[in-house]
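Quick setup: one chain, the form predicted alone, written in structure tokens, and binding and motion questions come after.
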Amino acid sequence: MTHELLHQVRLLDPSQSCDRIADVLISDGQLTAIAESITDIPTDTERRDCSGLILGPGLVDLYCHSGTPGFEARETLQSLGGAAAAGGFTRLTLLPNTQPPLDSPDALTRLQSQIPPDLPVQFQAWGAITQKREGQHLVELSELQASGVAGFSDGRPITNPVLMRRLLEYLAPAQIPIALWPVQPALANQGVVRDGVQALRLGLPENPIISETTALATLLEIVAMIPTPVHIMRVSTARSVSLIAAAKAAGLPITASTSWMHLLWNSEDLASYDTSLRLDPPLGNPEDQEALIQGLQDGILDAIATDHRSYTFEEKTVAFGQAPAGAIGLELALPILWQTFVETNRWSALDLWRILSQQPAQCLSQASPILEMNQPAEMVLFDPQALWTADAQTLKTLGQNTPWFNQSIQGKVLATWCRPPSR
């Protein structure tokens, strides 16, 4: 049996409103003792001075992109899981936009057979809502649910309101998560920047705010009529935050999330034409960014997702308007969000941990990771002061599509504990 003593570590557990300094004894991957001072220590225990370090429940990512199957040059399950563990994420929820897409039990079985068994990460997947993710015909929802999907999402807009109504009616008894991205593609018109002064200055095609809000308003009206719980993903505008606030006040069964990148950047940052900032939905204007931050603080938005998406160097080395949308984030989100919001006292440490761990799990209708005694540990040890450089040697992901590539980062995950379920 192996033993490790974390001496005077800062414990964070939002489920228990716990933020304190303690000794923690870990034996064979389980928490076996937590106390102000542990003196009864097995003789072969490895002692680790954890002054200034943080031990918290594992982080939960609501949606991210797998390169396997079909796009292994961008990312493999091994590199994706390695990036998750290096960033403190113990649960990954993969979107179904693989090739072939995850729209059948066979496709899900093939994916599950390729999950590496040696990583401290639990892989789960969203099953597609429509066949081939084309938004036309529903998949065999009951069969896909029985195969073990975490929930249903196309990961792309569903524009047919009749189909959406049928979906909510059919899944009402199932009590399984449904994640929808409200966008009206005809209004978005392949725009890459939100409408406003900055769009005019940059000379880039606009994606107006109403491309999101008209679709969101339609979705909320359907949920008001058919109160099946729905998760609204990729919220990116101030107006959407207002609509969600009103819907929650009216008692609609909804949760909502935004991407971590939309909290840190806005349309004014696009003057660099850095294709790592080419996202979909596009970065909002400054007032959108502030509304998202405040929305999380006020509980209108429930969670942060990385929406991690890796591309090859060649794919992103094009003009901004032609670049594919997406950025990596699993290894960067925790340290950068910590420095941006916790170190500046905008959010408490428990606030940040809550919207990266406890509440994403709740959006998935799952039990949250907690610091629980005598159970397989699902937790992360984080040093908020450690300095490192995000480059090809240190990053586990295959992608380099981040504005922090080759930049110094403050804050690093030192260890991740998680025992994946047996397969």
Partner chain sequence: MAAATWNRHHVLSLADFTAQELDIVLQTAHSFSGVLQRRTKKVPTLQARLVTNLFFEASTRTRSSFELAAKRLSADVLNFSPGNSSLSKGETILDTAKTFLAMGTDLMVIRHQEAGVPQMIATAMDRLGGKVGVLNAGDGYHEHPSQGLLDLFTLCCTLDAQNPQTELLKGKKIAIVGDILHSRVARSNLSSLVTCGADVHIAGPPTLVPKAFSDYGVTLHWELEPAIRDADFVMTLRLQHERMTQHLIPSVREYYQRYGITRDRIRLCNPSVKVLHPGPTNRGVEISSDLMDDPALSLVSKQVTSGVAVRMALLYLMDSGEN
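Bear in mind the structure is a predicted one, so any value in this text is a computation, not a measurement. Residue numbers count along the first chain shown, from 1.
Only in words, not in the display: the form predicted together with its partner chain, which the text now covers.
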query: The single option of G321, P185, P116, P286 touching its partner chain in the predicted complex, heavy atom within 4.5 Å; finding: G321
query: Contact assignment for its partner chain in the predicted complex, among T317, Q175, Q99, T109, heavy atom within 4.5 Å; finding: T317
query: Region of this chain that lies against its partner chain in the predicted complex, out of 250 to 258, 294 to 302, 269 to 277, 144 to 152 [heavy atom, 4.5 Å]; finding: 269 to 277
query: Partner contact for L138 in the predicted complex: its partner chain, 4.5 angstroms, heavy atom; finding: no
query: Contact test in the predicted complex: R201 vs its partner chain, heavy atoms, 4.5 Å; finding: yes
query: Touches its partner chain in the predicted complex: G191 (any heavy atom, 4.5 Å); finding: no
query: Partner proximity in the predicted complex: V197 to its partner chain, non-hydrogen atom cutoff 4.5 Å; finding: yes
